[in-house]
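Just the one chain here, the form predicted on its own, laid out as structure tokens.
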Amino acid sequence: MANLFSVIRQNVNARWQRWIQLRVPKALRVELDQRKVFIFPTRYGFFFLFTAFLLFMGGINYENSLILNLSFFLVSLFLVAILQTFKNLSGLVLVAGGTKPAFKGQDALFEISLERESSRQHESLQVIWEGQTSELINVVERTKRPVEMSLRAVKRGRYSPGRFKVQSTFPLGLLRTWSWIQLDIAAIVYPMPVQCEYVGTEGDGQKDGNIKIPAGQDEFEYLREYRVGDSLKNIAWKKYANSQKLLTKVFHGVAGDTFWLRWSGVPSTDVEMKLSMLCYWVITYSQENRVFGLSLPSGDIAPAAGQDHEVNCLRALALYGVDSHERLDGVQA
């Protein structure tokens, strides 16, 4: 019997996901209209209608026109609330924003923007995503209202958290209007770093001495405009004397050794563990400002140094063996 209910539930969820995908497809920008907005009475709404019904029955029973008029007024107020509650969400525009990567097991940051393009104002909105609920949001000006949500990343690769709910009970709380939205947004999830010993070959170190390190003081590279916080010793005072404009000297270092982090250089046979170990050494070499390359079965990343190189290596580890097509996550009915 339990298996039967499980099969029925799976079929219902599958049909629901297909239906909601056709109704509100995945996109970078979604504008809510009558096809995408749902509305239903709240508990207070049902109690409000039940009270109006009791007043109506009492007015008929006692032939009291005042009680009947009160019941008709309550029903009229409920009908007006349906329109106003629906209009509060209809016309709202949701746009996919930026993301911040995270390591496996940590929180990835997603940003979406709520906008209004019509004369309608949208008040007391809530965004519910993966069990998290935002504070009440008012979109009353023609400016973007960003909403940030931190969601736990449990798997390496591209993390697309699926659909989220935007809802409101404004203005009277008698009805709830909502919509299920799936924006085309995904964050990169790096492997969780695991400390280990690197057992690379002797050929991993090479005396090149011709690769620039962004953070260094070895050789002058160029002049740029002065920024608050720049060291006074790096200011080009001679240029300032001639042009009366503060310029800062930018230097770079030169690598004496280059290193390779190779797939075979970490002591593990498990793919995920190898990626986690390489992730640890990428972070370690970057903190030590070393010049290093990364060699994976899928390809090599040339030796370099700096934050951009670290991000490129971590991204390669995150997406190793991951299909480029993102999974379309549905929502449980």
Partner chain sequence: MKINAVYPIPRASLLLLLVTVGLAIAPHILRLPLWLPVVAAACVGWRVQVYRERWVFPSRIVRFSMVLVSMVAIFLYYGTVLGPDAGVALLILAYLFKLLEMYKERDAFLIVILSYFIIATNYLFSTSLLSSLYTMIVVLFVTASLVGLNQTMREVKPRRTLLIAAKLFMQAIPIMIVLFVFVPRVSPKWALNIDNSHAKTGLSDSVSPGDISNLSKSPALAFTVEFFGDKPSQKDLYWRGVTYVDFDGRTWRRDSLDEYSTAKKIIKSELVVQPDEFKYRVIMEPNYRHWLFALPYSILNERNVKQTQSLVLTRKEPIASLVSYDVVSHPHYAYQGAGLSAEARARNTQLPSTDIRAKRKAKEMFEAVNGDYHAYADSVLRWFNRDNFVYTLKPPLLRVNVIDGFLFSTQQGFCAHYAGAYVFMMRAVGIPARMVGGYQGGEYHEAGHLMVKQYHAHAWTEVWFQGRGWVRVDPTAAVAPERVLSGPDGAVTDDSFSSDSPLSPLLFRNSAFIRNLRAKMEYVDFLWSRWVVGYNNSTQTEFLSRWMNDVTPQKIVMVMFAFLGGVMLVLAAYILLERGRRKLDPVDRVYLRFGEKLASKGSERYSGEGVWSYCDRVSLVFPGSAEDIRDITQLYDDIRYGGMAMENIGNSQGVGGTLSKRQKKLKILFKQKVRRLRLKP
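We call the rigid core whatever largest set of C-alpha positions still superposes within 1.5 Å between the two forms. Residue numbers count along the first chain shown, from 1. It should be emphasised that the depicted structure is a prediction, and the values quoted were computed from it without experimental measurement.
If you look for the form predicted in complex with its partner chain, you will not find it shown, but the lines that follow are about it.
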Contact residue in the predicted bound form, chosen from 133, 243, 143, 150 - any heavy atom within 4.5 Å of its partner chain: 143
Residue among 271, 27, 57, 302 with a heavy atom within 4.5 Å of its partner chain in the predicted bound form: 57
Heavy atom of residue 64 within 4.5 Å of its partner chain in the predicted bound form: yes
Exercise: residue 289 in contact with its partner chain in the predicted bound form, heavy atom 4.5 Å: no
4.5 angstroms heavy atom contact with its partner chain in the predicted bound form for residue 192: no
Proximity of residue 166 to its partner chain in the predicted bound form, heavy atoms at 4.5 Å: no
44, 86 and 174 all contacting its partner chain in the predicted bound form, non-hydrogen atom within 4.5 Å: yes
Among 94 to 102, 150 to 158, 181 to 189, 110 to 118, the region lying within 4.5 Å of its partner chain in the predicted bound form by heavy atom distance: 110 to 118
Sequence-ordered list of residues in 72 to 99 near its partner chain in the predicted bound form, where near means a heavy atom within 4.5 Å: 72, 73, 74, 75, 76, 77, 79, 80, 83, 84, 86, 87, 91
Flag for residue 27, CA shift 2 Å or larger between the shown form and the other one after aligning core: no
Core-superposed C-alpha of residue 265 shifting 2 Å or more between the shown form and the other one: no
Shift of residue 293 between the shown form and the other one at or above 2 Å (CA, core fit): no
